[in-house]
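First, one chain by itself in structure tokens, the form predicted alone.
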Amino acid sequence: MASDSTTRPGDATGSLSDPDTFDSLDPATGTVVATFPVEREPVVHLAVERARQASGWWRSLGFAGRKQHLSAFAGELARRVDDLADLVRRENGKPRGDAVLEITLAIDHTMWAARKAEAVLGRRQVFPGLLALNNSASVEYQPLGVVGVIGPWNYPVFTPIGSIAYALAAGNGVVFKPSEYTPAIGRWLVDAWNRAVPAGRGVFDVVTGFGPTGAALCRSGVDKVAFTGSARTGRAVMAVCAETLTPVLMECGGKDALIVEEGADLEAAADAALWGGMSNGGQTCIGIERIYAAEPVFDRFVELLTERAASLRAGADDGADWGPPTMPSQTEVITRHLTRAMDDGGRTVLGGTQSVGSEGVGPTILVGVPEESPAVTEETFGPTLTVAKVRDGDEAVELANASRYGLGGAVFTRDRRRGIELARRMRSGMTSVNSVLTFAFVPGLPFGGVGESGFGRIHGPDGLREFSRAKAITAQRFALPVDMTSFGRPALATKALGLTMRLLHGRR
């Protein structure tokens, strides 16, 4: 995510005067949603200690017991989806319908993790091999202990739940530090947990504050930190975690590309590009920011894209397609990218710097922007799209892969097999063919990137294993006549072992 989830504009160290509280604001009106404590190291450490004590009970429930409680938590989210959606609209600013979609995805992923945890992490037998044939061998995945989750503001429910639900399903306690822009949502999620699982109070807890609160969580003795935010803040989080060798999961920014080949359904591609690039005001880590269209379809595609984008608008009213930026300072980045793109020779076919207004940021489509311009190389995190003309999908893949980011992407082609081929060649953690963002909707698929987009995976079996440790066990079933792991082994046994290996593998 481009969001800097641990600092606030003009407040990089927590505050100008080190206050005890801070306000969460409605980005549309500036009114106070709620006031929260700036929680410092002693409070953070206490929350982690409570989670560690409660996690013993949580782990003892086993997969079946945890499944029951996680299902109750998902049920609580489902029953109160309207309340949570209203809060997301107030604190994050996105349209209510988008908030409902986000919460729905969070519920779906929570249930998947609850149902699949045992099959993925439970004990299973492994063939012991020739040298340990007299042993049984098994592997299981045990909880880490307590996981610290540092969440973003742009998808304040779905994104952190991708770590929280999977960590809980694996048997861990969780302490959640939400973005300082959306602390009320983080508090709401923990309150929902306590209502659904009253016996599990402390298993899932929240701490609020700025950068120092996140740093305190990293130093608190948690067994892993799952971070979502900017690459810049991610480096700072990693540096703090390195002090105690605390492992980290990093989900950072993206500059995702969409490829449109000749023969693709241009109507569908244009519609998908707009949703992928401009939903949530472009504030989506896996959002489309770059488009590479084959020369034979370039002009028609840009025409369709422009026609459809012209009807979209930002605003705080119910009819708006997206709300104002949750983090006001992001408008400075958007304006800088647009200005530089035009200075570099790019051309706006819709919008431009004048689209950045008091009601939010309107749609912008640019063509002819050089590949080295910041609008192409840096994460913009706004409702802007650059469209470049390419020879074909092969050239498009080369240009898409030239980015230092590698999170998601999309390919539109006539031939599905060709689309999958191009998707496999894209240097990204995830790619959709003839759709956008679909990989995030599938709970069984891993979610994460490469390069500046981070490392580690949430969602799917990989996401469950991300919050567990592999435990291997062998148990001798019977003693062998000759023990090869003994100083008393006869020389003849060693000779026989070497002969056996030559017979079995020497001719390969």
Ligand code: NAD
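One-based numbering along the sequence shown. Nothing here was measured: the structure is a model prediction, and the numbers come from that model.
Unshown form predicted together with nicotinamide-adenine-dinucleotide (NAD); subsequent notes refer to it.
Enquirer: Spot the stretch among 252-260, 316-324, 102-110, 369-377 with residues whose non-hydrogen atoms come within 4.5 Å of nicotinamide-adenine-dinucleotide (NAD) in the model of the complex.
Expert: Selected range: 252-260.
Enquirer: If the cut-off is 4.5 angstroms on heavy atoms, which of these, Pro383, Gly148, Gly229, Gly162, is the one near nicotinamide-adenine-dinucleotide (NAD) in the model of the complex?
Expert: Going through each option in turn, the one that passes is Gly229.
Enquirer: Of the options Gly360, Pro152, Gly276, Gly429, which one has a non-hydrogen atom that comes within 4.5 Å of nicotinamide-adenine-dinucleotide (NAD) in the model of the complex?
Expert: For this set of options, the contacting one is Pro152.
Enquirer: My question is simply whether Cys285 lines the interface with nicotinamide-adenine-dinucleotide (NAD) in the model of the complex - judged by any non-hydrogen atom within 4.5 Å.
Expert: Yes, contact at 4.5 Å.
Enquirer: Considering only heavy atoms, tell me if Val237 and nicotinamide-adenine-dinucleotide (NAD) come within 4.5 Å of each other in the model of the complex.
Expert: Because a heavy atom of Val237 falls inside 4.5 Å of nicotinamide-adenine-dinucleotide (NAD) in the model of the complex, the answer is yes.
Enquirer: Can Thr233 be called a contact residue for nicotinamide-adenine-dinucleotide (NAD) in the model of the complex at 4.5 Å between heavy atoms?
Expert: Yes, Thr233 sits close enough to nicotinamide-adenine-dinucleotide (NAD) in the model of the complex that at least one of its heavy atoms falls within 4.5 Å.
Enquirer: Would you check, heavy atoms only and a 4.5 Å threshold, whether Gly393 touches nicotinamide-adenine-dinucleotide (NAD) in the model of the complex?
Expert: So Gly393 does not count as contacting nicotinamide-adenine-dinucleotide (NAD).
Enquirer: Does nicotinamide-adenine-dinucleotide (NAD), in the model of the complex, lie within 4.5 angstroms of each residue among Gly211, Gly214 and Leu407, using heavy atoms as the measure?
Expert: Yes, because Gly211, Gly214 and Leu407 each have a heavy atom that approaches nicotinamide-adenine-dinucleotide (NAD) to within 4.5 Å in the model of the complex.
Enquirer: Need the contact residues for 346-361: heavy atom within 4.5 Å of nicotinamide-adenine-dinucleotide (NAD) in the model of the complex, sequence order, or none if there are none.
Expert: Nothing in the stretch sits within 4.5 Å of the partner.
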